[in-house]
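Before any questions on binding or motion, here is one chain by itself as C-alpha cells, the form predicted on its own.
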C-alpha cells in the first residue's frame, strides 16, 4: 500500500484533464488558482478508496463498477457548500418587498382565487437559504387580503449534492449554525433536540421541496413557473458563456412579473429581451415583463 502523506505533484496537463472532466459533467469551472483545492479534495477521496495516482483514480470514474456513485461522492467534495441562514439580507429584503407587492395587488383584485407564491432556490446547498426565505414569507402581513382569499407559498430547493440535500430535507442544524437567526425566530420555527441541535418545525418544512439536479441541465426539470428565482453565489463557479446559458434557462422559468435574484457581479452586462434590471445598490435583480 502506498503512503499517502504527500500526494504527487499534479502537472498542468493532468490538471486540465480534471478541469475538463468537472466542467463537462457539472458545468463548474476550476480556475488555475484553485488547483490546490482540487488536489486536497482528490487526495482525501483517493486515500479513502486506496488510489495512489491521479491517473488510476481518473480512469476508475469511467470504468469501475459503481463509478456513478463514486462520482457523486467526489462531486460533493468539489462543489462548494458555503452557506448560512440569512446570508444575504439585502436580497431577502428584496424578495420580501416583491411578495408584499404581490399581496397588495391581490388585495385589489376582484378574483377570489388564493394567492400562491412559488420560490425557486437554485444551488440551495444544505437548506439554510430555503428556510431563511420560508421564515420571511411566513411572517408576512397578509391582513390586506380579504377573508375569502388565502395566501399560500412553496419553496423548491435545487442542488447537485445528494448529501447536502439529505441534510436540507431533515432541517437539522447545530446551534452554531443558527447564530444569524434571532431568538424569536428560533423559538417560533425550530424544535430543540439533544446535544445543541435544532430542527426546522414541520409547519415550515412542509412548505419546502428539495430536488437533485445539475444546474446546467435545468431545462430537463419540471416546467413550473416561479414568482421568485433565487440564484445567489452560484454563477461564480461557471465560465461566462455558461453563466449566460443558465440565466436564459432561469428566465424561461420566471412567471410574468417574476423576480430573478443573482449575486452581485455574477453576470455583468446581462441583457435579455424578457427582463429588465431592478434598481438596487446591493443586489443584482431583474423583473420579467408581463406582471
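Numbering follows the first chain given and starts at 1. Computed from a predicted model, the values in this text were never measured in an experiment.
Below, we refer to the form predicted together with a small molecule, which is not included among the displayed structures.
Although the partner is absent here, residue 160 sits close enough that one of its heavy atoms falls within 4.5 Å of the small molecule in the model of the complex. Within 4.5 Å of some heavy atom of the small molecule in the model of the complex lies at least one heavy atom of residue 28.
Contact annotation for residue 199: none of its heavy atoms lies within 4.5 Å of the small molecule in the model of the complex. Remark: residue 213 counts among the residues lining the small molecule in the model of the complex, judged by a heavy atom distance of 4.5 Å or less. With the small molecule omitted here, the record of contacts in the model of the complex names 152-160 of 200-208, 96-104, 152-160, 166-174, defined by a heavy atom within 4.5 Å. For the residues 142, 118, 79, 138, the 4.5 Å heavy atom test against the small molecule in the model of the complex is passed only by 79.
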